[in-house]
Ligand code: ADP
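In the block that follows, a single chain appears as structure tokens, in the form predicted alone.
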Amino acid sequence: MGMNLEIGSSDKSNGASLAVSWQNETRLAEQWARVRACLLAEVGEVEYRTWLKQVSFAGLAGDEAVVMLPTRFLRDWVNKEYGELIAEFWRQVNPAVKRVEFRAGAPSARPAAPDLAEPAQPALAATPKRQEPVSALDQRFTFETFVVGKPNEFAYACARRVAEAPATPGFNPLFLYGGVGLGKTHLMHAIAWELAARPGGGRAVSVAYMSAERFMYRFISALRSQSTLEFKNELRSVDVLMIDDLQFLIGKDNTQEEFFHTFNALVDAGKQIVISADKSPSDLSGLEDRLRTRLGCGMVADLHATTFELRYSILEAKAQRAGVEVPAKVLEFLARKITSNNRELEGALNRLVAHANLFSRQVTLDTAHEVLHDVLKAHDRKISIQEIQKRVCEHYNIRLAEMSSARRAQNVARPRQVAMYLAKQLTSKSLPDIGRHFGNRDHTTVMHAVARVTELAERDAAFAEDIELLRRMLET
């Protein structure tokens, strides 16, 4: 990570004397929650759950943060693979920490860290003398790491414009909408990071970022504690308000009312508002009409479902940032196979890379199929001969009509045989049925094609890999 931090591990159990100061238990618990949130965001849910969920905070002794793991194996592994990362995140949330020590054993009583999904403090940065983003921001989510393609280029351009010139007429509010895992939250965080990175010289830009669910919880808490005025003043004093997943407010009439008044106060004061939701304002049934109208009065930008090219670029960029060599055929396989959302796509790559590192194995199509069998199975569906023909034609760059033509040229006959072979392997169609889809060919022709492709695959490793790639891409 390029940081000069000391990282070590110890065989000392937590029963040994540990001169830990507990004077600021709540503050330390919040700092540890932020470290965990950063780790989760950095490595992904699967890798975090596998290796880092069992890490617990034992205390702070001077400039040393002590963390515990239940076994020596886990202690050594986490120290080796994630020690520098944990130290860096500790340094970010508490500059006084110079060293992180890893110990094996059960943790002693310590401040309870808040749940990752609910930060202990509001995601606010209204410091007048410092330009800094909110603590809940994900360090990975910047404009530089956002992969731009046709489905998201307009939303990206709008987010850039807001980051460069907040509260520009026509861009306030900025409403981003799209399905799960398409990049809405990434763009919101990127805007906040961009504002925080501006050179000093003037008054710092204060940013408030939170989920709609968090907004509701804070509002309810303010009502219970009779501190609604403080809550209103806190939110309405910021320069930029960001609310993620606005659809959560549907059916919450009182919270909608409060948000509407906060919205109006900020817009009237020339402050920027950025909203995200899973649908456009006009399609969010359940919102008050006056709120829906205000949300649609600025810039509305959608993020479409990803294309193969964009998914491939995302995987390629992710692998490059991780410093891991992933064969192009594996990237292509994943990009064609996992089409639901980018979050699941990146999670699959994280899992594959973690498995390869753990067992010192290369990333291959075989390991991808083995490690991701449950993910791939979830995408299983019936395959048609027409789909097989289309995919094979795309792979070998021939016209779809060639599948039924009488041409016997090698560059046409071989792909046709491959398509017949895959039809036999991946569908329940009989040989005569398959032959009818290929220009009413006889079933013996299909039998010959299957035998020929099988023979070539046994002799030619590259050809066998092509067949396997086609098969796995079709098994969606």
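If you're wondering where the values come from, they're calculated on a predicted model, not measured in any experiment. Residue positions are given as counts along the sequence shown, with the first one as 1.
Omitted from view is the form predicted together with the ligand, to which the following refers.
Segment that reaches the ligand in the predicted bound form - one of 159-167, 175-183, 90-98, 292-300, heavy atoms within 4.5 Å | Within 4.5 Å of the partner lies stretch 175-183.
Answer for Asn342 alone: is it within 4.5 Å of the ligand in the predicted bound form, judged on heavy atom distances?
-> Flag for Asn342 set to yes.
Evaluate Phe146 for contact with the ligand in the predicted bound form, applying a 4.5 angstroms cut-off between non-hydrogen atoms, and reply yes or no.
-> Flag for Phe146 set to yes.
Partner contact for Phe141 in the predicted bound form: the ligand, 4.5 angstroms, heavy atom = Yes.
Does the ligand come within 4.5 Å of any heavy atom of Glu346 in the predicted bound form?
-> Residue-level check for Glu346: yes, a contact with the ligand.
Which one, Arg75, Lys337, Lys318, Arg214, lies within 4.5 Å of the ligand in the predicted bound form by heavy atoms?
-> Answer to the contact question: Lys318.
Could you check which residue among Val205, Ile314, Val353, Ala208 gets a heavy atom within 4.5 Å of the ligand in the predicted bound form?
-> Residue within 4.5 Å of the partner: Ile314.
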